[in-house]
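In the block that follows, a single chain appears as structure tokens, in the form predicted on its own.
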Amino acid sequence: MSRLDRSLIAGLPVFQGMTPADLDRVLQQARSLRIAKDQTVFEQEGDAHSFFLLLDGHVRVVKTTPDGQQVIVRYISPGELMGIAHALGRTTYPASAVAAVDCVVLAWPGNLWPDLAGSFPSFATGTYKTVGTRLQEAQARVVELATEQVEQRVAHALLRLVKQTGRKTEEGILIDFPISRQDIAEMTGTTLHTVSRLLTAWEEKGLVKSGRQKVTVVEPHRLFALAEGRADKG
């Protein structure tokens, strides 16, 4: 197997503070994998055999509820860790990860986690910071589901994706990976019909433009007002 170049991870937040020799050691046990669109990276409640770093592409994290409903928990962007069950004290994955587009990931054996965390304190700190941030996001989502109208939840979801992956175009800010109306419904605890109705209404008002697995936010400030429960004045 060819040696992985340290430039793949140098400069990423979770590896900040590491020397070139440290980075080389971290990469010694890593494998580079290509994951095709819609292929599962790991499955909910499956054995946490590996943890991963996304180098290229986007991955959606999906939680299946006891009654069989699927909820999209979040999207992973390049440079983020995923499958870090061992950092949560788990031996199984709490959710599934599915490639939203063709992806490239680095994978490490899960049993290496204690060694890497103990040998490289900055890596452990960065990983636990990631865990903390995601827990805060999950708590915010729970509050949204409990207290907000569906229009607010959908607006908040689009704004989060714009902040995470938005790319400026002539039309506005494009969510820079394929996302369907069903995906948005699964992110916000609502139905495909409701999301379709809202996006159609927002298109008529000039807030967004949407197509097949494509959403562009045209008026982010007006969408933010809707997310905060204020009437649209456009």
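Start at 1 with the first residue shown and count on from there. Just so it is clear, the model here is predicted, and its values are computed rather than measured. Rigid core here is just the name for the largest C-alpha set that superposes within 1.5 Å across the two forms.
The same protein also has a form predicted together with another copy of the chain, omitted here; what follows describes it.
Annotation: in the model of the complex, residues 27, 30 and 34 none come within 4.5 Å of another copy of the chain through any heavy atom. At least one heavy atom of residue 87 is located within 4.5 Å of another copy of the chain in the model of the complex.
Among heavy atoms of residue 118, none comes within 4.5 Å of another copy of the chain in the model of the complex. Contact check for residue 109: no non-hydrogen atom falls within 4.5 Å of another copy of the chain in the model of the complex. Though the partner is left out of this view, residue 133 does reach within 4.5 Å of another copy of the chain in the model of the complex, counting heavy atoms only. Of the candidate stretches 158-166, 97-105, 75-83, 124-132, only 124-132 has residues whose heavy atoms lie within 4.5 Å of another copy of the chain in the model of the complex. Along 180-194, a single residue, 189, places a heavy atom within 4.5 Å of another copy of the chain in the model of the complex. Taking the rigid core as fixed, one finds a CA shift for residue 204 smaller than 2 Å between this form and the one not shown.
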